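The chain below stands alone, shown as structure tokens; this is the form predicted alone.
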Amino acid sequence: MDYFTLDQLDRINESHERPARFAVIGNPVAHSLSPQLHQPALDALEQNARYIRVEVEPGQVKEAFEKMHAVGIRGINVTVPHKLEAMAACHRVDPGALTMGAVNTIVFEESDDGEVKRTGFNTDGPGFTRAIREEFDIDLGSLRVLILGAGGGAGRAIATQCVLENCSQLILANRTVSKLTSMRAELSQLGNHESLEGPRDRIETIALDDPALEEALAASNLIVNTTSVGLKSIDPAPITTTWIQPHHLVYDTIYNPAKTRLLRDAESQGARIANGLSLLLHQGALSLEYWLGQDAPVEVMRGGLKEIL
């Protein structure tokens, strides 16, 4: 079976020599690549553990956490649509995850008196930092960044990381600009950094259909797509790709297909490109490091992803 439901948790270890110790929850969850990412790493580290998928209905996340710990699960990844509900179900939330407004990794900690506490982390932002370093051999904090689809969960996590990394400029682009108003205000409070001297604000917002987007792109050197445009082969690029220049770095958080229309067009314009596989890899590696307290075997995890894709 591809996944378990809550009422099947008491049977997760039937006919298995190795116990289930880690899991991903979502709805739906059968498509998640997390087992292919984590199981090879657990095997390489000689952990006597399995990684499973558990489908959880909205409104049942806290119950799921309690039941999963009771049957031996010690670390959980959280995917859509549960990241907000998971944060509310934690006893403690890492400051970075609190700033990003969602958690995707749960660590169970048991005190000396036997009380179990749940701590929530968000590895998307730090994973993005690692991905940019790997793909382009440059630090995120040294870049001027424009995020397409910044109003979504992935966009917010990456935008928050850009501010935490002290990027000199951040432009948030979204179909509906009003969704960015409160987000921009919150980001502006992080670290209380002063704006750059010059005509541009440090954090700006713009609509995806605003003609001024061309100028905003020209003022940036890293373009990040966090929209879902590109998941289908017939999808167009989310922006006018002739505006992309050879100095641009273009990162699409979509990894299947490996080259979206945006990446193909950007490459033809002479830009350097990368897809979201490295983000998936590094956010997963960070989760494993939180659970086990040791470095993750990144290359082993990369091999697991490449094999399935």
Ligand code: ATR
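Residue numbers run from 1 along the displayed sequence. From a predicted model like this one, the values you see are computed outputs, not experimental measurements.
The protein also exists as the form predicted in complex with the ligand; that form is not presented, and the subsequent description refers to it.
Only one segment in the set 112-120, 226-234, 164-172, 89-97 has residues whose heavy atoms sit within 4.5 Å of the ligand in the predicted bound form; it is 226-234. Contact check for I73: every heavy atom lies farther than 4.5 Å from the ligand in the predicted bound form.
The closest non-hydrogen atom of L213 lies beyond 4.5 Å of the ligand in the predicted bound form. Among residues of the shown chain, A207 is not one whose heavy atoms approach the ligand to within 4.5 Å in the predicted bound form. Contact check for T176: a non-hydrogen atom falls within 4.5 Å of the ligand in the predicted bound form.
When you look in the predicted bound form, the only residue of G101, G152, G141, P126 with a non-hydrogen atom within 4.5 Å of the ligand is G152.
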